[in-house]
Ligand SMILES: Cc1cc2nc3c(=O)[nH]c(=O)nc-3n(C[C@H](O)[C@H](O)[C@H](O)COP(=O)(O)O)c2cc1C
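Just the one chain here, the form predicted alone, laid out as structure tokens.
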Amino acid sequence: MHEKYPHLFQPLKVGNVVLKNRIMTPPMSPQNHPSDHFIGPNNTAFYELRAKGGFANITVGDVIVDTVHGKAHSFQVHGDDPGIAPSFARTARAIKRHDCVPCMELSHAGKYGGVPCLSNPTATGKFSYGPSDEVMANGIQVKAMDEEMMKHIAQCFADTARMAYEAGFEMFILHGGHGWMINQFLSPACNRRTDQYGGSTENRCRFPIMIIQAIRAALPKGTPIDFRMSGAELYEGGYDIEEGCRIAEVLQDYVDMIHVSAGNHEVLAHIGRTHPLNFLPHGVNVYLAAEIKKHVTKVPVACVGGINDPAMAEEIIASGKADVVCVGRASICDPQWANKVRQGREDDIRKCVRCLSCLNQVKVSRANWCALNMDIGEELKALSGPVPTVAPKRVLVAGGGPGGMNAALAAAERGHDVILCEATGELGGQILCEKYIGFKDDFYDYSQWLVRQLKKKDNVEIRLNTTVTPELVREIAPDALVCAIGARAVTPPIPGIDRPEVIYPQDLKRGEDMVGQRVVIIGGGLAGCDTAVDFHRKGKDVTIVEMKDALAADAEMFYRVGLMLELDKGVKSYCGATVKAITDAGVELTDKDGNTVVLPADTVLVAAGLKSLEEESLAIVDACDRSWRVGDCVRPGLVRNAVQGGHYAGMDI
């Protein structure tokens, strides 16, 4: 028994499978797959990398059982194509070789499937099938499924499950949440049928039960089926947690586990609950599983929802809130999460910051991606680890922010001797400011994780309060140089900008007492908007002034959705506005209509962006024959840009 986490590492029998611990991975879609929509080698490696990390199971997500009618996105797996069997077998074998249970999510999009849309432009259907007749907001006509169609779809689930089982998969998750087909039948908002498949809870469960029974008939007795559901739909007309409990009570007689999530990801405002953002507490959806567990007595209950801390995971199981915790994005950020917990190396876990960069890349590039872990998307290389250098070099890294620290780590892991110089007395760079924004403390924790990893390297020397100049470069005479000296805050040419009430984000470390009740933020980019949310949560009266026509234009799409919802809770804003002066009366601006407005302010926070230290960085790299510039000194951007640039520079040496 594990002494520190006895509940987390207790085995659990589910059906005829024994999970070696209580840490599962929820379904995650394979990205960047081949044009045949099978599971390509890179995707197999994505799953295997995390199987090596000590998780009880690894789940291949978004396997569509009926691609004619049930496919909603162009990156979903064609589970009904017999040609996919070899890639199923390869993936199952890769997972099983690490004492990990290969699991597959079976899914169907229902009314969102089979018709042309932005995410599935090649679909040819003229209408879609769902529980009830309707016309969706985008004009797509939905036809109610008849019983013949329902039996056909149930058989599709069974056929895909059978093929996957024969290829080596040992466990299945039935996607009954988040707005997909099965959830559409469970939801009174979508299911308006008056026959035996609509109305009461039992009737709305009838089609899901038909699917489960069809799968059961196709598989050997005891093969575990996990039912993934939204504990509550969280929108008007959808079911609440009380109805979620009733649904779970009905379904527990037919499945081997109930897996509780939340919301509907077809309702854009729910992105922050189905994939919890950092605005919400860790484990935000666990209460739904805890309530359902009170009503489900025959099978285990699994929970999910931004869980990245092992102590929280242990408490969830020890207190009886759930029997299993599902670690999703945290397993991408650190595929060795479970192993590190078991080995007592919690401080070595690279914790997910819940930025949704991974989900954003699904829309942008269809690639596996993580803002902090550059192994994701390159798992085939990561499985074998970094290639040791045959010719160790003396490497100088200028700048101790995320770009510089990642460069130093990558170079050191390959065997080079590294000197890391930071001009200030503390490593961390721009993300040190996140320490003072309550909901972004995970970003600050990431900076401290980098520091801990560097201090464990015998071949890394850290020099604080050391500014790298061309003269210092020539004195050290490195074989290679990485310049990551960052950027400086932009000071707009505004009369009154030097007044005592004017501060910058880096000044927040001086304490909350320096921020008055009435705050005006000049600059409505990501940094200004995040700070505005934090100030508003602390009871401040906050107004943002932004020259562009929209707030947070530099934020990634899904993060911006959650950010705008937070701003709408009480932060005022003027977009398309120009600040004219800061005076005793406050911040004087011209709004988008040309009107003069004066905003009284006790504190003015300037978040007008960053200017790269281009001239300084070019002079530094010119002093070394082999050099790289990375991060904000090239172009100010998101943390992931610095992480990526630094990592690859270090790997290139």
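Since the structure is predicted, the reported quantities are computational estimates derived from the model, not experimental observations. Numbers for residues come from their place in the sequence shown, where the first is 1.
The discussion below concerns the form predicted together with the named molecule, not included here.
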Has each of 524, 527 and 640 got a heavy atom lying within 4.5 angstroms of the named molecule in the model of the complex?
-> no
Segment assignment from 333 to 341, 161 to 169, 445 to 453, 303 to 311: heavy atom within 4.5 Å of the named molecule in the model of the complex | 303 to 311
Residue contact check: residue 416 to the named molecule in the model of the complex, 4.5 Å heavy atom = no
In the model of the complex, does residue 326 have a heavy atom within 4.5 Å of the named molecule?
-> yes
In the model of the complex, does residue 183 have a heavy atom within 4.5 Å of the named molecule?
-> no
Using 4.5 Å between non-hydrogen atoms, is residue 359 touching the named molecule in the model of the complex?
-> yes
Though the named molecule is not shown, can you say which of 29, 603, 612, 627 has a heavy atom within 4.5 Å of it in the model of the complex?
-> 29
Contact with the named molecule in the model of the complex, heavy atom within 4.5 Å, among 204, 270, 350, 175 goes to 175
Could you list which residues of 262 to 277 come within 4.5 Å of the named molecule in the model of the complex, counting heavy atoms only?
-> 274, 275, 276
